[in-house]
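Next up: just one chain, as structure tokens, the form predicted on its own.
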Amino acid sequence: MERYLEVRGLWKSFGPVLALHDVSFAVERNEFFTLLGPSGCGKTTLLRCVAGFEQADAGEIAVEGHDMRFDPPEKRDVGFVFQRYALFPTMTAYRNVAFGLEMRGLHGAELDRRVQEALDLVRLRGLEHRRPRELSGGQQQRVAVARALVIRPRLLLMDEPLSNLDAKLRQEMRTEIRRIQKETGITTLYVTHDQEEAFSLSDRILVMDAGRVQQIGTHAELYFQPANGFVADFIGQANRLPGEVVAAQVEETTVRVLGETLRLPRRPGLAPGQRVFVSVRPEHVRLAVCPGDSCLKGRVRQRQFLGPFLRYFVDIGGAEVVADISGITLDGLASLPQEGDNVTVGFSPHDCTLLEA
């Protein structure tokens, strides 16, 4: 695949606060690439550096080999969708979309054709004469996307554009944004703190924390093969069980966890005696009622009904294990472990990830 956007060794500080710490990544042509992380992790600062709204202290930002770090925003040929859309309140939807073209000296029939094409793309034909206050939140967001796309930019940058919408509308707009991106083929850099949003939209995801890149990968790679404890905890929910490496063989690593010895797939770089965490997702944990003290492994502290599944919180060996049991029925609820029950806890070694403590 072709590297289209490359960010290399980017640093950015605001006084004593280090916002970006040696950030590097590459985005392929036509890719939907998401910056994901908690509030304050540096993802919006990174996006604004790519747009030219912030000047990085060091590093390179190149599109098709051209380093544009010192180019002013208007010379970078990027479309930007802001979190609050930044529409002109006195202008109609048509005039909002046309604004960027007018600033580039385009007028007449060609301007009208381009604006109508953009409005058709975001399915707003017939609403072009309404002002922002006459449009719903989702329609305003579509105007903002059309305005960014109508100039036919090299890059589309989107900064948490769905954060102001209600949950149902956010789901609908995810589908629309992905459709528009696929139809146009535009390379997109998207910022969000919402894991579900990132998973539903992205080809690949960059996870950030404290200004640093934690991991880059597909949603499946991030979920099933987290690089560290932060990614494991931030992406979905994961049990992190404390352990110690007993032996590190060629094909497997033996770990002592909560009094039990586990043989897990090998993780390079670990040595006997090293403290580790064993990460396992709740849906991979199995529970069974234990009738006697001889097989006591844990006790159900709490059980939550969450519709498609039951979530169990089990106290085991001084740690808490979360287990999600799916495929439940109304008739079967009574036969499943109850709060206060003694249970055994199990999981497959192949569903575990070893993390350095």
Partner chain sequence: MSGGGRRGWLRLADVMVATLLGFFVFAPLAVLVLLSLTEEWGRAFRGGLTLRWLLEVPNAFGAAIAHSVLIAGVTMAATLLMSAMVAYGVLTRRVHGPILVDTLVMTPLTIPYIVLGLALILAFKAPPFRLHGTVWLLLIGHLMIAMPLGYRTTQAVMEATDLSLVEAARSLGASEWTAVRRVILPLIAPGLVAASLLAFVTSLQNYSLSFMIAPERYKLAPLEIFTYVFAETGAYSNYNLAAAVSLCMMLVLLSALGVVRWLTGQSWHENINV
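Computed from a predicted model, the values in this text were never measured in an experiment. Positions refer to the first chain, counted from 1.
A second form of this protein, the form predicted together with the partner chain, is not displayed here; the remarks below concern that form.
For M91, a non-hydrogen atom is located within 4.5 Å of the partner chain in the model of the complex, even though that partner is not displayed. A271 falls outside the set of residues with a heavy atom inside 4.5 Å of the partner chain in the model of the complex. Looking at R212, you'd find every heavy atom of it more than 4.5 angstroms from the partner chain in the model of the complex. In the model of the complex, the partner chain stays beyond 4.5 Å of every heavy atom belonging to K182. Of the residues given (R286, R256, R131, R154), R131 alone sits with a heavy atom within 4.5 Å of the partner chain in the model of the complex. With the partner omitted from this view, the residue of A167, M103, A220, A109 that lies near the partner chain in the model of the complex is M103 [heavy atom within 4.5 Å].
For the three marked residues, R48, E74 and R147, a heavy atom of each sits within 4.5 Å of the partner chain in the model of the complex.
The stretch from 174 to 182, 200 to 208, 238 to 246, 92 to 100 that comes within 4.5 Å of the partner chain in the model of the complex, counting heavy atoms only, is 92 to 100. Residues F53, P72, P73, E74, V78, F80, F82, R84, A86, L87, F88, P89, T90 of 52 to 90 are found to place at least one heavy atom within 4.5 Å of the partner chain in the model of the complex.
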